[in-house]
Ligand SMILES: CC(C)(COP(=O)(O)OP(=O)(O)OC[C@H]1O[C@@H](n2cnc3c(N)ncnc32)[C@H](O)[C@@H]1OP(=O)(O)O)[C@@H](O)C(=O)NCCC(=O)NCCS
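To begin, one chain is listed below as structure tokens, in the form predicted on its own.
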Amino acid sequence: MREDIQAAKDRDPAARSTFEVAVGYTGLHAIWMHRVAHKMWQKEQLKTPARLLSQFNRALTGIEIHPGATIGRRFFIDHGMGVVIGETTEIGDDVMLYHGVTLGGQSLEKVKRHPTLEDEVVVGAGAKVLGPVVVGKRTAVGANAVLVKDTPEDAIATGIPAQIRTRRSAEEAKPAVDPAEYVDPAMWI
């Protein structure tokens, strides 16, 4: 719980105190209830109560996380309302989701049908990641993107359907001409 609270404080500039985060962040409450439901899900005789707990969690927080979903450490859901995380979803450590995100399936078969988000992934508001895709480490999925294919590590996925590009290194991001040495005012237009 301490790690979850600290993750929220680290990722939300509006977080003012440990008490406020622990008591007022529904994303954390949803994660904590999910951790209990997930433990219950591991025992056949507790699957129905686990599912009922997950639905209570949804009613209370507006965040639906299937008890079968596997979630890593320091997971943070900012704002949270409308988040849906499917049964076979796997989420790594230090992942962050914004409101309205769906980690959903594309199949009715009883197989791995939901996404895998590796460590340090960020998924923007309203984004949909669908199917058994793998989102590589440190990838950012843009707001409202619809991602239906794997991404490499250190990628950015934006658009509908999501177009994937790799992040540029600091060297590649430097401008071709140093603006401090170029005096033409038209350059700034």
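Nothing here was measured: the structure is a model prediction, and the numbers come from that model. Residue numbers here begin at 1 and follow the sequence given.
Beyond what is shown, the protein has a form predicted together with this ligand; the following relates to that form.
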Q | Stretch from 47-55, 66-74, 24-32, 134-142 whose residues place a heavy atom within 4.5 Å of this ligand in the predicted complex | A | 134-142
Q: Report yes if all three of I156, G159 and R165 come within 4.5 Å of this ligand in the predicted complex by some heavy atom, otherwise no.
A: yes
Q. Even though this ligand is not shown here, does K112 get within 4.5 Å of it in the predicted complex, heavy atoms only?
A. no
Q. Could you tell me if A125 has a non-hydrogen atom within 4.5 Å of this ligand in the predicted complex?
A. yes
Q: Scan 71-91 and write down, in order along the chain, each residue with a heavy atom lying within 4.5 Å of this ligand in the predicted complex.
A: H79
